[in-house]
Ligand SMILES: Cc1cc2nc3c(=O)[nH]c(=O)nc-3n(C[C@H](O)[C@H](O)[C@H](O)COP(=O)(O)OP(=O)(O)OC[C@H]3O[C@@H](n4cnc5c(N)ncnc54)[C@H](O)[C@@H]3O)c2cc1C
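This document opens with one chain alone, in C-alpha cells, the form predicted alone.
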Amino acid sequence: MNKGTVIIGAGAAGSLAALFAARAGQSVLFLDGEEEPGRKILISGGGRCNVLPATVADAAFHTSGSQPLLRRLLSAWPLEEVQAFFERDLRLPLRREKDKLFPKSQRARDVRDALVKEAIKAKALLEVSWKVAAVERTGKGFLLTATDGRQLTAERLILAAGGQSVPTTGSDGSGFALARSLGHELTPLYPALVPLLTDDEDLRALAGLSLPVRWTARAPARDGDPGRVLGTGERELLFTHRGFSGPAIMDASHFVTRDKASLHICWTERSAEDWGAALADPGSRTVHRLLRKHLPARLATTLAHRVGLEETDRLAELPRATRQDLVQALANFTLPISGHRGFAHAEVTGGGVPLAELHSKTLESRRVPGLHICGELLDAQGPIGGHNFLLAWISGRLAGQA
C-alpha cells in the first residue's frame, strides 16, 4: 500500500495531525497499534479529559534544550484559538473548572471520538492494530513494517507515537526507538508528572491528607552550598500510603527524576520569619494549639513530634534550638524522598527529540526530510492540568499542516 502521508499514532497529537493534513488535501493514513485509538485520552482527567488549561504561561513549560524554541512552538496556536477549535470545529463545548477546561459532557470519550470522526470526515483513513516495528528511509519516502510483517510506503511520515508513560495505553516508548533508528539523538528520558515515594512511616501515616503548599526544588548541595533553586510553585500536596502526590508534587517531580533535586515544603502562607516571631510568644499557649490554628491536626502533631515536642509543651518554654528546628520544619521542610513510581504511573515522558533537531514552523526533521515529529516524543513538557494536551494539539496541528 502506498500513501502520501502516514501518521504513526492516533492519540492526541496524531489525530490532530491527521485532521489538518487531510484538510490540506493530503492522502492521509493514521495508524494505531492498539485495537482502540487514543486510550490515553480516555483515561485522562479521571475519565473526563482535562482538554486544556484555563490559562497558560510559557514559563510553566520545560525543555532541556532551547526555551526560545519552546516559546515559538507554543505561540504557533494561541490558547483561545485552540479552545475555539474544540468548541467550533469539533462542536465540543468546554466548561471551566478552576484552572482547567473539561468537556461539558464530562466524558473523555467524547473528546477522542470528536477528534477521530473529524479526521475521518476530512478523508483521513484510520487503521488500528497496526503496530509499527520498523521504519526505513527509501528513495521515495519511507517503508513501514508492522510487527506482523505487513508493509506500506509513505511519501511523508509523521511520528506521533506518544512517550512511554502509562504503557498500558500503548505508549510503550517505541516511537523513541523509531526516531533514533531514523537518525535522531534523544535527550535522556525520565518520568515526569509522577508521584514520589518515601520510606518515612510517620509521613506515610498521613495518607489521604491534602493541603496547599509552597514548594522549592533545589539542585544537589555541594561543599556547603545548599544548591541553586531550580523551580518553585504553589499547589496542593497529597500524602499517600506510598509517599507524596497531588499537583504540587506532580509539577515538581521532574526536578527530582531528572536533576536529583531535593524538595522543600512551606506548609502555610507564613514565612520562616513569621513563624519565628509567632513561636517566640511568651504566653502560656501550647505549641500544638498554635500549630493547629494553621495546619491540619495530624500534620501539626507529626511536625511537632519530629522536633521532640509533646502535646503539653508551651511556647514560653521552648528552647531556642527547638524553636529553630520547628521553624525549619514548618517553612522549609525537606521531603524524605526515596524514589518515584516510574513510567507506569507518570503522566508524561520527559526528554525526547530535541526541538533544535526540527524546523520550528513545521516540526520537520532537520536530519530526515519528509519526517515530522510531534506530541510526547518532543523534549517539551508542561505542568499538570491540560498543559501537555495543549502541547499535543499545537504540535500535531503544526506537523499536519506542513
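Residues carry their position along the shown sequence, with the first being 1. Quick caveat, the model's predicted, so the values are computed rather than measured.
FYI, the form predicted in complex with the ligand isn't displayed, but the following is about it.
Engineer: Tell me, which of Ala160, Ala252, Ala119, Val111 has a heavy atom within 4.5 angstroms of the ligand in the model of the complex?
Structural biologist: Contact residue from the list: Ala160.
Engineer: Work out which of Gly370, Gly45, Pro354, Pro336 lies within 4.5 Å of the ligand in the model of the complex, going by heavy atoms.
Structural biologist: Going through each option in turn, the one that passes is Gly45.
Engineer: Would the ligand in the model of the complex be within 4.5 angstroms of a non-hydrogen atom of every residue among Leu115, Ala124 and Arg397?
Structural biologist: Zero of three within 4.5 Å in the model of the complex.
Engineer: Taking the shortest heavy atom distance, is Gly350 within 4.5 Å of the ligand in the model of the complex?
Structural biologist: Gly350: no, not in contact with the ligand in the model of the complex.
Engineer: Is there a heavy atom of Thr257 no more than 4.5 Å from a heavy atom of the ligand in the model of the complex?
Structural biologist: No, Thr257 sits far enough from the ligand in the model of the complex that none of its heavy atoms falls within 4.5 Å.
Engineer: Any chance Leu29 has a heavy atom within 4.5 Å of the ligand in the model of the complex?
Structural biologist: Leu29 lies outside the contact set for the ligand.
Engineer: Considering only heavy atoms, tell me if Leu363 and the ligand come within 4.5 Å of each other in the model of the complex.
Structural biologist: Close contact is absent here: in the model of the complex, Leu363 is far from the ligand, nothing within 4.5 Å, heavy atoms only.
Engineer: Select from 130 to 154 the residues with a non-hydrogen atom within 4.5 Å of the ligand in the model of the complex and write them out in sequence order.
Structural biologist: Going through 130 to 154 in order - heavy atoms within 4.5 Å of the ligand in the model of the complex - the hits are Trp130, Lys131, Val132.
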